[in-house]
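So this one's two forms of a single chain, laid out as structure tokens and tagged structure 1 and structure 2.
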Structure 1
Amino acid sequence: MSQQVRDTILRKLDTFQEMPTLPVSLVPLLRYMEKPMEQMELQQIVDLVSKDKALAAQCLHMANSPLFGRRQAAQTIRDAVVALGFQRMRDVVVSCSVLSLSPSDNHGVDPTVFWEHSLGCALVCRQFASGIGFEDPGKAYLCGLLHDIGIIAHLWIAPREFCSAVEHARKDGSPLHEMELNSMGIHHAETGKLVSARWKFSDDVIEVAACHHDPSSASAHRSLVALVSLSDMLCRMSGLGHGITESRQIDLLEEPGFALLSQECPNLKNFDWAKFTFQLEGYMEEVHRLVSLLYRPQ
């Protein structure tokens, strides 16, 4: 049974049947945003975002959220870019664009919980990265945002099977990827690897999508994968876990991701996990508010 589901999913992925194409606004944006910062021109970003009115309005919502550090409301995209700087604005724009990738037909599972998890994880990744002196917090944000892209693919190509896996996980209090594997013969990390490659995401994003539930299988971007994996776990333990409450106890310092990340970030030894956890709980409400405000199914 699960083998059948797996085969169907793989076949659909191979032909990319039933999958959305990337939103037109996102393609040039992702590409453009990948370039080094110096090349970025204020006017170009403003133009790019402003072309899409709905996207522009969403970006303003997000840019004005305290999650992105604003104290006074920006009225225009230009204000927002000036106030937040390029990197934060890239985070905002990519987040809003990616949000439109959800299917509208939800088969009984509210897709906003997946975006809450992704946005929450992105924010946690960035904050965590800054906290331990990780080289590129912006990259950490992007990888956090896209790490569960396989879930979005499941929502498109195997919605009924996927939603029943979610229901099981909720009832059992067990991790989603384990339930997926049980009932569908494939979990969202494997799917995520295939879709993100198909969409030509950068190598680091692909590896994070593929390995975040098994960081020791990562090769080229080990510490990035480890960082996202730990952040993902923190989100799942803090009420940002796809509406699933995993009934277990976790010692982050015993997680494989911790050992991997410590090799690169010696500061990790002195990291105040308790404070970080409380901080993250503090912005959850705002993540909920923001996602419900922004969410627009295709």
Structure 2
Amino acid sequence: MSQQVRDTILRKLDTFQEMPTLPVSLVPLLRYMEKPMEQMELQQIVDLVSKDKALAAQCLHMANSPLFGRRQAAQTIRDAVVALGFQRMRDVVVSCSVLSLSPSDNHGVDPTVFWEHSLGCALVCRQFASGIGFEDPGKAYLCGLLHDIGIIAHLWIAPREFCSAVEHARKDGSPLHEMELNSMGIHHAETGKLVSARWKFSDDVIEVAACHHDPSSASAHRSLVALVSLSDMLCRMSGLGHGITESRQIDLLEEPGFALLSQECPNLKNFDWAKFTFQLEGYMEEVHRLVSLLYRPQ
């Protein structure tokens, strides 16, 4: 049965049958948001955001929320970008762009649960990367945000089978990708590689989507894959794991990703894990606030 589901998924992905495409207006914006923040220009972001009415409205909605305590309402896209700042604009732009591709009928699975995990992973990736001297924390953030893009594909192409895998994972306390493989013959990392390549994401984003559950299999961008893999585990073990509480215990220092990252980021040996773990709680609170604003407007 799982082989049959796998064959169906691969056939649909081959033709992109039943899968949406990224809106043309969003492609240059997503490309621009990959740049290091010090290279971004305010007017360029304003111009690109203004080309997508739904995204522009979401930015204004978020900028005028009580969370940011503005005394004056943001009335223009420029006001919104200034109010949010470039980092949070990246949160809004990439999150809204990709989550908007989720199907309206999710067969009882709330996609925002998965997006909370992805946004949490992105924030952890950025802080983790900065703490160990990784060359591009912004890229780590983007890859953390997009690492589970294969889940969106499963919600479109095999929603019932995917929901069954989610339910089994919740009952067993097992990692989602293992239950997907058992019941569907394919997990979201393999699907994510195909989808992100089809959407013409950059090579490093594709490699992270493909290998974040098995960083030793990465043939390129190995330190980035390892960084996202470890951040993904930290989020899942901290209660931000697709709505699934995993029953297993892990030791990050024994994970293959840790050994890989140690080879290319010598500063990892001096990293303050106790402080970082303490900060995780704050990141999780930030994620819940942002996701409530972005996807669960009152």
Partner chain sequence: MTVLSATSRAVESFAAPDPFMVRIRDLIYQVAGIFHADNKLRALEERCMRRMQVLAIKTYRDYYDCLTVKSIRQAELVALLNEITIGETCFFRNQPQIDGIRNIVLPKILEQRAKLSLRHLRIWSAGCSTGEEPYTLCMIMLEETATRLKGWTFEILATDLNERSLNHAKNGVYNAYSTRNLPALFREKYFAANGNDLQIDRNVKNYVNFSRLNLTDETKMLFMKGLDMILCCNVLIYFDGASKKRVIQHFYNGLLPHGYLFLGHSESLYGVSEDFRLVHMPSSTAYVKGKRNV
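Start at 1 and count along the sequence of structure 1; that gives the residue numbers used here. Basically, rigid core = biggest C-alpha set you can superpose within 1.5 Å across the two forms. In this text the structure is predicted, and so the values were computed from the model without any measurement.
Which of these two, 1 or 2, is the form predicted on its own? Answer is structure 2, the other one does not fit.
Rigid core aligned, does the Cα position of residue 237 differ by 2 Å or more between the two structures? No; residue 237 is a residue whose C-alpha shifts by less than 2 Å between the two structures when the cores are overlaid.
Rigid core fitted, is the C-alpha displacement of residue 90 between the two structures 2 Å or more? The answer is yes; the displacement is at least 2 Å.
Quick check: residue 261 between the two structures - does its CA shift reach 2 Å or more after fitting the rigid core? No; residue 261 is a residue whose C-alpha shifts by less than 2 Å between the two structures when the cores are overlaid.
Superposing on the core, what C-alpha displacement does residue 57 show between the two structures, in angstrom? Rounded to one decimal, the shift is 4.2 Å.
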